[in-house]
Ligand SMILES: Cc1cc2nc3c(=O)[nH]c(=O)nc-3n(C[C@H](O)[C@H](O)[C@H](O)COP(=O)(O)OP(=O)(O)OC[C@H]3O[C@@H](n4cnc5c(N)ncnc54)[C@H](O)[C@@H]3O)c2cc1C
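Starting off, we have a lone chain in the form predicted on its own, written out as structure tokens.
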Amino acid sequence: MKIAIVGGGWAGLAAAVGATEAGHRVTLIEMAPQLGGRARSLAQPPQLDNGQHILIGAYRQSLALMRRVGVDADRALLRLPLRLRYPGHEGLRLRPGPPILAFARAVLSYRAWPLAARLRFLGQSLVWALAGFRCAADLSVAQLCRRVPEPVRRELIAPLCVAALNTPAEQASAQVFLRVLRDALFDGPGSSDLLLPRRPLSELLAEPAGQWLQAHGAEILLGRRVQQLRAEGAGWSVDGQPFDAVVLACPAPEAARLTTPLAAHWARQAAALRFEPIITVYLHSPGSTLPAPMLALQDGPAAPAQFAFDLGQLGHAPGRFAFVISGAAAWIERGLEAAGAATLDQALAVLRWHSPPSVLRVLAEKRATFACTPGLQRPPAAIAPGLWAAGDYIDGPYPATLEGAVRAGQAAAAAIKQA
């Protein structure tokens, strides 16, 4: 079959690789000048990523896809046991071993929490496990965790929620959060490990996948925005070019634009999604290092960042640091200059520096993820016969993650194979 994949992010790349492996003739169309979508490196110097993306050990399909296109994931990613290290103290840290026992040991040994708080949290975790990590669809994370002691909510639930869902606990879906907890903490040895990129983001998948696709006969068209999608006989026309099937792996607003005349209900669902931004503030401080490659931070009204990364410890430029502001809508309104200045003040207040840090660059991904709210109705993968959608926003159990995007792309490729 002749297949068009519209969008060259991780979902589109996963769909393109899967369709190519199935023997189809694939044309991948990407409106940006490079592949990678929201997980890419910037083309202009200095070499920076458009944001910090963390993988975890449970992202098995993403890791398998990387290896399939020739990436040595063990070299490209620094694997660390889950560790929430704060500037002034060690947070929760999981040791290697059976997941349930490792989690229980980590909680019981974390003496910064009162013993009563540790026992209550373990009890609540048992309740979630016995319920199959399921809950009512209309619950928020804050409501789900109302009986969890405050220190645990502050130092564990809040950072995990904003890191995984990019949505504050008061607004985030408890149902999706529980699925993340289940997969990360209880899905087998190593599932909760943090995998921090040692290479620029584009080298993790976009560039190797592009090379793999071209080597296997796929056509890649960059810098082209699809203008029109039409049903044509038993297939589809993409800007006048005929295809047997199409996968829309572009952002939800683009997919809604293309499908409005064809599948109005699906288009309305995609267009109704709200999005949360992420801001990344890059700091430069020659000779400085952080206590760990990744630190958790306490955010607040004047302290925007929730995480900091020492890029020098990850094999990138020494003396360069990335501070991440998730759920950053309020700081987008204040402006990137204000966000950078507030992050610099936060960094100076909580960390020690060998030389005075300065703001190198402030980047914003205004539609970084969909707002993962309770009861959210996400559009399905199937749009019409021979027309599928793929992306981290497609209906499913995962929030907007790289793994969700990859799985959606693979599902679209599998649907083509079965058609």
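As the structure is a prediction and not an experimental result, all values here were calculated from the model. The first residue of the shown sequence is 1; numbering continues from there.
We do not show the form predicted in complex with the named molecule, though everything after this point is about it.
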Margin query: Contact check in the predicted complex: 16, 372 and 411 versus the named molecule, with a cutoff of 4.5 Å between any heavy atoms. Do all three pass?
Written below: no
Check: Using a 4.5 Å cut on heavy atoms, which of 63, 31, 382, 351 is close to the named molecule in the predicted complex?
Finding: 31
Check: Just one of 368, 42, 359, 376 has a heavy atom within 4.5 angstroms of the named molecule in the predicted complex, so which one?
Finding: 368
Item checked: Contact flag, residue 251 vs the named molecule in the predicted complex, heavy atom cut 4.5 Å -> yes
Note to self: With a cut-off of 4.5 Å between heavy atoms, is residue 59 one of the residues that contacts the named molecule in the predicted complex?
What the structure shows: yes
Next item on the list: Determine whether any heavy atom of residue 280 comes within 4.5 Å of a heavy atom of the named molecule in the predicted complex, and answer yes or no.
Entry: yes
Check: Is there a heavy atom of residue 386 no more than 4.5 Å from a heavy atom of the named molecule in the predicted complex?
Finding: no
Next item on the list: Considering the named molecule in the predicted complex, find the one stretch among 101-109, 171-179, 217-225, 329-337 with heavy atoms no farther than 4.5 Å from it.
Entry: 217-225
Next item on the list: Go through 7-38 residue by residue and record those having a heavy atom within 4.5 Å of the named molecule in the predicted complex; state none if no residue qualifies.
Entry: 7, 8, 9, 10, 11, 12, 29, 30, 31, 32, 36, 37, 38
